[in-house]
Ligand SMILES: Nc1ncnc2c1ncn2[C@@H]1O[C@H](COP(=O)(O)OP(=O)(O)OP(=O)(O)O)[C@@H](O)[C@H]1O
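In structure tokens, the next block holds one chain alone, the form predicted on its own.
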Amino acid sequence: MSPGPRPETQTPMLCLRDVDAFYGRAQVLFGLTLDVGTGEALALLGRNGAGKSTTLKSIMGLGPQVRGAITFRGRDIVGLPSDEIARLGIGYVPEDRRIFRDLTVIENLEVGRRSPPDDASGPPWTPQRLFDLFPNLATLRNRRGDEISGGEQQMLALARTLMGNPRLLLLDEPSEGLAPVIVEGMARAVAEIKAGGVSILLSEQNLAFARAIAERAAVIEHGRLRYAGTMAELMADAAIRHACLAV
């Protein structure tokens, strides 16, 4: 199955071709093929256990043994250490957030600081720019990570990753467990990040959240690509939504 239509003006920033992923002898991904264009957002959809998190970890070199091709801006990144992959310009926000709970909000942001690449097209991410994006964090800048709510921790995890000035952002279930009003605010923030030129690969179960951000969707089931196309086409295909996304 093809990775789905993508505007012709967009050069793929991230490409996965025939990717298999293993934890020991257990195979989790089977021939996964998809790409993310420069400046676009792709929603990676599927039920719990479908392989969404494993896909992101495979890109970042975090655990799975990978067979196949993963390229970022034309460079093969399979087998590279995760810190080197991050320095190339991929930011990763894991499902469990992993903020430093004993550091303040502003200290968490400073931990993530990295200079933008020489050929960066937009302004660098700074604490003030992130406080403008997430006003809640501005009022909490001196609170420790364990003194803020789950939704605020999710904002902080995303903001800390942006301090690294990534070209591509991998988001793993950013809406999970959050109140609807927080989810709406998070969707607006991620859409604004995308509008600023950051490419996004979004792993999500919340279809409404994904629709607010992504132009295209890839649906996986049991580690295999079941659907790839525009979000509008997915919304018109009730059969695939019921088969692969319904609980």
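These numbers come from a predicted model, not from an experiment. Residues carry their position along the shown sequence, with the first being 1.
The following text describes the form predicted in complex with the ligand, which does not appear among the structures shown.
Close approach of L34 to the ligand in the predicted bound form, 4.5 Å, heavy atom
Because no heavy atom of L34 falls inside 4.5 Å of the ligand in the predicted bound form, the answer is no.
is_contact(R47, the ligand) in the predicted bound form, heavy atom dist at most 4.5 Å
Yes.
Look up in the predicted bound form whether N206 has a non-hydrogen atom within 4.5 angstroms of the ligand, and give yes or no.
Output for N206 is no: heavy atoms all beyond 4.5 Å of the ligand.
With a 4.5 Å heavy atom cut-off, would you call I70 a contact of the ligand in the predicted bound form?
I70: no, not in contact with the ligand in the predicted bound form.
Triplet F100, N136 and E152 all within 4.5 Å of the ligand in the predicted bound form via a heavy atom
Spot residues vs the ligand: no contact at all.
Which of 209 to 217, 50 to 58, 185 to 193, 35 to 43 has heavy atoms within 4.5 Å of the ligand in the predicted bound form?
After filtering at 4.5 Å, what remains is 50 to 58.
The unique member of I200, L178, V66, V28 whose heavy atoms fall within 4.5 Å of the ligand in the predicted bound form:
Contact check passes for V28.
Interface residues of 169 to 197 toward the ligand, as seen in the predicted bound form [heavy atoms, 4.5 Å]:
Contacting residue: only E173.
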